[in-house]
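First comes one chain, alone, set out as structure tokens in the form predicted on its own.
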Amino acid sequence: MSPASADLKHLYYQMLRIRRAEEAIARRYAEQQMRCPTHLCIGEEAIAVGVSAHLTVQDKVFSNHRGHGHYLAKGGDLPRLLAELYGFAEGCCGGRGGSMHLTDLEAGFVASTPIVGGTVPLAAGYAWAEKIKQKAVEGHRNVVVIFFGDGCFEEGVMHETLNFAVLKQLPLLFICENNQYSVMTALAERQPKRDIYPIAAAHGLTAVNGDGNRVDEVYELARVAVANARNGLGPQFLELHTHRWPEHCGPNEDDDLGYRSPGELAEWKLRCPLLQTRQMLLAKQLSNDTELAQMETQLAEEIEQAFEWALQGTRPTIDSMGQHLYA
């Protein structure tokens, strides 16, 4: 079942919002006021949006170092995200976390962390707690989603968590964003020549793969996976193929470094998730150039206002440093 016309337009709008927000972050990063490392997800927006379209506020998301898109798609607050990047107390993590540590419990976005694989067992623990609580609340089943990259699949904790999730039949979705690279090392130099999802299937999960640059395809795969997890059919695994456009860490492109094959990035740009969805909307006459231009104007105003709000923030005070510590 493909998304309905209104849904496809909404999905496009959400992807465009993430793209334009990150482009604005990239432009302003050179002003040297954001002092935290940033990992942009430009080129990968369809996965965050297509999966989150099926989640409620009660469902929970865990992310990684490249988490802006996951945060916004789950309903995170854009001004508070920007304030966090500037290190202001008004940020979603009180200015303590920066780009790689995002939290917004009101939106159901539990945590992102920079340690590769660090949030994977945390997501399983949260899903286990949800399952235990759901025994006491008949008919109410929340799901938990963990986003991670292909590099994370090489971590031992990944496989320990897959095993545990199947053992406990957790309402947990593993979303592997296979963007082909771990920093600057290609997948073919790190893993044998095979797909990732059959390994998850060997652990006992329901596992499929798909085109992570087609938001309609991601939407449909996620619809089935979320429904399965919500209906008690255990953990689900999606391997979604995509590509990161900017450098691993930072606001720039780095194709000049030569770690990608000649023309590889250009080829992936032709498969841009926004471009493909825009062409779909126009071809099916679900939208028109005027409406799409209005989206751009609306988003430009929202993002500008968000930056204006964020830049009026205040620094965390020294006497607040002991707050929110649980260890």
Partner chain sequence: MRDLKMMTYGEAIREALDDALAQFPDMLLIGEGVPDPKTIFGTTQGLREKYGAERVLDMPLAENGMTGICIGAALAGMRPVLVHQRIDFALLSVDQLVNNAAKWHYMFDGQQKVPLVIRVIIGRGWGQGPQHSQSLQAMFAQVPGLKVVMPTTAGDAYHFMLAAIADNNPVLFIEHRWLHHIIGEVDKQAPAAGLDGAAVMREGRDVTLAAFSHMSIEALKAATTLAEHGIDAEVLDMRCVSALDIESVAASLAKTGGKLLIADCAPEMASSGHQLLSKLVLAHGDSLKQAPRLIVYPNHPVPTSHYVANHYYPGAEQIASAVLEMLGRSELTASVIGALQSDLPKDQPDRSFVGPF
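Residue numbers count along the first chain shown, from 1. Since we're looking at a predicted model, the values are computed, not measured. For clarity, a rigid core is taken as the largest C-alpha set superposing within 1.5 Å between two forms.
Missing here is the form predicted together with the partner chain; even so, the following discussion is about that form.
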*Pick from 160, 211, 253, 220: which residue has any heavy atom within 4.5 angstroms of the partner chain in the model of the complex?*
160
_Contact residue in the model of the complex, from 129, 224, 201, 233 (heavy atom within 4.5 Å of the partner chain)_ = 129
_For the interface check, one of 202-210, 119-127, 253-261, 145-153 should have non-hydrogen atoms within 4.5 Å of the partner chain in the model of the complex; which one?_
119-127
*So in the model of the complex, does any heavy atom of residue 99 sit within 4.5 Å of the partner chain?*
no
*Contact of residue 92 with the partner chain in the model of the complex (heavy atom, 4.5 Å)*: yes
*Wondering, does residue 168 line up within 4.5 Å of the partner chain in the model of the complex on heavy atoms?*
yes
*Could you tell me if residue 78 has a non-hydrogen atom within 4.5 Å of the partner chain in the model of the complex?*
no
_Check all three, 280, 295 and 299, heavy atom within 4.5 Å of the partner chain in the model of the complex_ = no
*asked:* Would residue 319 count as moving between the shown form and the other one, using a Cα shift of 2 angstroms or more after superposing the core as the test?
replied: yes
